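In the block that follows, a single chain appears as structure tokens, in the form predicted on its own.
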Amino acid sequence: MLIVALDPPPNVDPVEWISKMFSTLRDVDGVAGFKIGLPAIIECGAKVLGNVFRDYDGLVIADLKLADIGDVMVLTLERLVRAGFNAVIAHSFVGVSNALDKLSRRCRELGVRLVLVATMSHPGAVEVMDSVLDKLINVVRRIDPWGVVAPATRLDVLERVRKELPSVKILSPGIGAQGAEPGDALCRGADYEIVGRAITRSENPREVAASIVAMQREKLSRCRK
């Protein structure tokens, strides 16, 4: 239900920070996994970060938002898998032929969950991505990945993605620092809400994470009546 984005702040040891956050949050009821972004992977190295999660059964998502030809994305995927990641995010706008078709095929062979970005949570996504959302959804439909990213900040868009892709897991970012409230995306069709700074920059991340899960469940109990 909750995926925690582990993006280290400036002026900390990123490996130590991620390790501490992971150990603090890994057994919070309702936390389904963790997402690691490009800055941390560049600074720490995929192998070092993968070692942090080596005995963890939940989602360990490499959020590189891959956007390249198929062969390059496959090479990147294989290195991430060897490092210990079990899910990867890629952009849908690169298309299917000689791109996402190859990445998807290799993900299935390796047992990795592929997550494609339909559109993003920041305002700039409205300028281009939302305007071609039908085409991006069609790419996602053709690839049939495990998951898709759709924003918690624009619930009408999220509902549209759910309607068009009824069987794909939806991961929704934008809760907390970007303004969306916990539980709202779940009530509109998301399977997971991604929360980062609202948890990791708080004085008590474990308490805040548990509080967010409680809010999610309370809203779900009301909206699904």
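Everything quoted here is computed from the prediction, not taken from an experiment. In this text, residue numbers run from 1 along the sequence as written.
Only in words, not in the display: the form predicted in complex with ligand XMP, which the text now covers.
Engineer: Within 4.5 Å, heavy atoms only, which of Val195, Val161, Ala190, Leu49 is in contact with ligand XMP in the predicted complex?
Structural biologist: Contact check passes for Val195.
Engineer: Please check if Ala32 has a heavy atom lying within 4.5 Å of any heavy atom of ligand XMP in the predicted complex.
Structural biologist: Answer no; every heavy atom of Ala32 is more than 4.5 Å from ligand XMP in the predicted complex.
Engineer: With the cut-off set at 4.5 Å between non-hydrogen atoms, does Ala177 touch ligand XMP in the predicted complex?
Structural biologist: Ala177 belongs to the contact set for ligand XMP.
Engineer: Does Ser104 reach ligand XMP in the predicted complex, with heavy atoms at most 4.5 Å apart?
Structural biologist: Looking in the predicted complex, residue contacts with ligand XMP do not include Ser104, since no heavy atom lies within 4.5 Å.
Engineer: Find out whether any non-hydrogen atom of Pro173 is located within 4.5 angstroms of ligand XMP in the predicted complex, and reply yes or no.
Structural biologist: Yes - in the predicted complex, heavy atoms of Pro173 and ligand XMP come within 4.5 Å of each other.
Engineer: Contact check in the predicted complex: Asp63, Ile89 and Ser121 versus ligand XMP, with a cutoff of 4.5 Å between any heavy atoms. Do all three pass?
Structural biologist: Spot residues vs ligand XMP: full contact, yes.
Engineer: Going by heavy atoms within 4.5 Å, which of 139-147, 113-121, 75-83, 95-103 lines up against ligand XMP in the predicted complex?
Structural biologist: Among the listed stretches, the partner-contacting one is 113-121.
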